[in-house]
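One chain comes next, on its own, written out as structure tokens in the form predicted alone.
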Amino acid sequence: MEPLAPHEKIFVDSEILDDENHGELACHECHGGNPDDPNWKTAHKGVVKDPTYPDATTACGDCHDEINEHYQKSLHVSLRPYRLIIEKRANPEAIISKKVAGAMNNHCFQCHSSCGQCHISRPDSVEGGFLDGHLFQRKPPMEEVCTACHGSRVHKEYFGEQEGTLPSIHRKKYMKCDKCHTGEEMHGDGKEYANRYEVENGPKCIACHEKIYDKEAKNVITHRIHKDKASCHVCHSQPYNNCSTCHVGKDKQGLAFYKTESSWFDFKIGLNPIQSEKRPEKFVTVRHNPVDPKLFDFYEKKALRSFNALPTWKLSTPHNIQLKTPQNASCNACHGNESLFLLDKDVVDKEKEANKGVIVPANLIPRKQKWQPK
């Protein structure tokens, strides 16, 4: 996204003085510094750019205690899934674990969010800057906050900006992120989750489409047959982007960087790698993530000794939903159509062991049907 002009980033709108909730707060009460010092250089000593990260207790806790209680366990703040994933793959030796932790701090934990980077400014990952002159936004603007971070996948999928795809049907209905991803989900519920798919108050298709299994509903037979067998995305997603072989490091100036080897556009159905009571489906859409055995070689060549502990093809829920897709045009558009499924030949040799629980064996591909539900 286009960066803000310098003045847009830093100029505070005087209207904040009329804000009934925040207008009486002096700058130093949140940001620190000394307002009584006439020297602007020394007056700014100790000023904190974002007083809401990593601990929002002082800045927000007095008034928003119900949110602040769970703040640090929100996945947007803790980034716990990243840490758990790398820990499972990593070499457990203490000296190597320390190097991996340093690498993750340089590369993996820079995309955290905070109260301020949702409700006052753009995220740091897109160079920050006030959303509206430091005026507080109860609902963060979707394209300046949500898809500013989740741009390469979510934004392009949702808005249909990838060649050959259409905007999500939810976009056509002008739905914004908070229609599915509520504040309660974003702020956390006090529980620690291993991944976003475990979050109890996360989005559920059935929350809006609650009558799809009713006998008078359209396509009720199809929905009943596939219930708990195939995820909604298996039938209603379009193709999506996949990435491969990420390497991280630092340049000669010490600036952290990453690069991926390749990316491609595809649609693949695999076996559910995190099948559970919450997500019982056997078949789900899977996306290749760019983790690689040599991901941290710049820091330590033995970093990911247990690389095969987790699959590289992961459960995915693309944001490009359509009512009608090529794979749901008829039963046999999917059944017996091997090209839709993640087969052994689709996985590179060095990753086959990691993905053995996701690859679909030939005998599990649904057979062609001789009848069509009405």
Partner chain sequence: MNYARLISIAIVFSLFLIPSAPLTSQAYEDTQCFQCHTSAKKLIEATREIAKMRPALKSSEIEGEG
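On a predicted model such as this, the values are computed, not experimentally measured, just so you know. Positions refer to the first chain, counted from 1.
In what follows, reference is made to the form predicted together with its partner chain, a form of this protein that is not presented.
Asks: I'd like to know if residue 217 sits close to its partner chain in the predicted bound form, meaning any non-hydrogen atom pair within 4.5 angstroms.
Replies: Contact with its partner chain, no.
Asks: Does residue 6 reach its partner chain in the predicted bound form, with heavy atoms at most 4.5 Å apart?
Replies: So residue 6 counts as contacting its partner chain.
Asks: Taking its partner chain as it sits in the predicted bound form, is residue 204 in contact with it (heavy atom to heavy atom, 4.5 Å or less)?
Replies: Because no heavy atom of residue 204 falls inside 4.5 Å of its partner chain in the predicted bound form, the answer is no.
Asks: Contact with its partner chain in the predicted bound form for residue 199, defined as at least one heavy atom pair within 4.5 Å: yes or no?
Replies: Outside the cut-off, so no.
Asks: Looking at 309, 48, 26, 348 here, can you tell me which has any non-hydrogen atom within 4.5 angstroms of its partner chain in the predicted bound form?
Replies: Contact residue from the list: 26.
Asks: Quick one: from 241, 289, 165, 78, grab the residue that has a heavy atom within 4.5 Å of its partner chain in the predicted bound form.
Replies: Here the answer is residue option 241.
Asks: Thinking of its partner chain in the predicted bound form, which stretch from 255-263, 176-184, 67-75, 281-289 has heavy atoms inside 4.5 Å of it?
Replies: Only one stretch passes the 4.5 Å heavy-atom test: 255-263.
Asks: Could you run down 4-22 and flag each residue that has a heavy atom within 4.5 Å of its partner chain in the predicted bound form?
Replies: Result: 6, 7, 10, 11, 12, 14, 16, 17.
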